[in-house]
Ligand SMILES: NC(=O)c1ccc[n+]([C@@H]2O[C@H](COP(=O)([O-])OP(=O)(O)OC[C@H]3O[C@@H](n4cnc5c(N)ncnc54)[C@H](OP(=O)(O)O)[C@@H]3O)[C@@H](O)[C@H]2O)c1
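To begin, one chain is listed below as structure tokens, in the form predicted on its own.
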Amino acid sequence: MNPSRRVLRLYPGPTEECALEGLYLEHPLDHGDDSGRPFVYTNFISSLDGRIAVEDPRHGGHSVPGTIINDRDWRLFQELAARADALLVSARFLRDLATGKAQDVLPVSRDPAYGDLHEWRARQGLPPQPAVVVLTRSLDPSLAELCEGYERPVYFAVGAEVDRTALARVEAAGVRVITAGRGESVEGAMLVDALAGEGMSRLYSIAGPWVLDTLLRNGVLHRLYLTHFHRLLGGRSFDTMLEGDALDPPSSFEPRALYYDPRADDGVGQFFTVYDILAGA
């Protein structure tokens, strides 16, 4: 094994070197109960000062900082997608894909570097790609049209108070609409139950703070994968993992695994951390 493709597991002990490839393919994705609800997990990369996105002068808005993006973290992002039955995304994420502001295409990438992940899905009897579930407060028919080339099932998840004319137009574009909220917004518990009814058991959120907030407030998130890149970025305009009102009570986590990767970018390292939400939190 090439030493540059290895990381150091620090927790749980004993400390040992591990291969980067396959690191997250080995993690059990099971919440350990018999509720029948899917296992819900998410993933972020952050600078040491908590920036997950900063101002993008080229495209406008915010995007993942180029100073923390690296192919080693991206490999693990793809592995988590390979495990999923569905990807949870926001409408904003799809718009960013369409305008070139997103980091890459929807996973699992067709880049030959990730061919082993497609083979892994085939061995597990999974479809070639996970489905996409778009959480949105309003139905945008033009957004549905962007999904026509995704070559995978696409669902829009909305609240009950949705425009019925737009609903008909979105369904005519071949997108399935799931009602997963009693008002204007999606509610995490109703969403997870609806997707369980679609036969899904592993849901991977690759969206931003709003979707994470939805999952936490409804108590349906099970695991957080978080890469801490060892740089301070500063700046006045940025996003963090959570925004808006304080969580009451706050969500508490316990560490499941910690890996040190010393070779992320130009001698700067990163921690790959895995957290499980505490039972009852």
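In case it trips you up, residue 1 is the first one in the sequence shown, and so on. Treat the numbers as computed from the prediction; the structure is a model and nothing was measured.
Unshown form predicted in complex with the named molecule; subsequent notes refer to it.
Colleague: Where, among 244-252, 43-51, 27-35, 228-236, do residues come within 4.5 Å of the named molecule in the model of the complex by heavy atom distance?
Modeller: That would be 43-51.
Colleague: Among Leu76, Ala84, Leu135, Val192, which has any heavy atom within 4.5 Å of the named molecule in the model of the complex?
Modeller: The option sitting close enough to the partner is Leu135.
Colleague: Counting any non-hydrogen atom inside 4.5 Å, which residue from Ser90, Ser109, Thr179, Gln129 sits next to the named molecule in the model of the complex?
Modeller: The residue in contact is Ser90.
Colleague: Does at least one non-hydrogen atom of Arg223 fall within 4.5 angstroms of the named molecule in the model of the complex?
Modeller: Residue-level check for Arg223: no, no contact with the named molecule.
Colleague: Wondering, does Trp210 line up within 4.5 Å of the named molecule in the model of the complex on heavy atoms?
Modeller: Although the named molecule is absent here, Trp210 would touch it in the model of the complex, with heavy atoms inside 4.5 Å.
Colleague: Is Asn70 part of the interface with the named molecule in the model of the complex - any heavy atom within 4.5 Å?
Modeller: Taking the distances in the model of the complex, the answer for Asn70 is no, it never comes within 4.5 Å of the named molecule.
Colleague: Is there a heavy atom of Arg95 no more than 4.5 Å from a heavy atom of the named molecule in the model of the complex?
Modeller: Arg95: yes, in contact with the named molecule in the model of the complex.
Colleague: Judged by heavy atom distances of 4.5 Å or less, which residues of 153-188 approach the named molecule in the model of the complex?
Modeller: Residues within 4.5 Å: Ser185, Val186.
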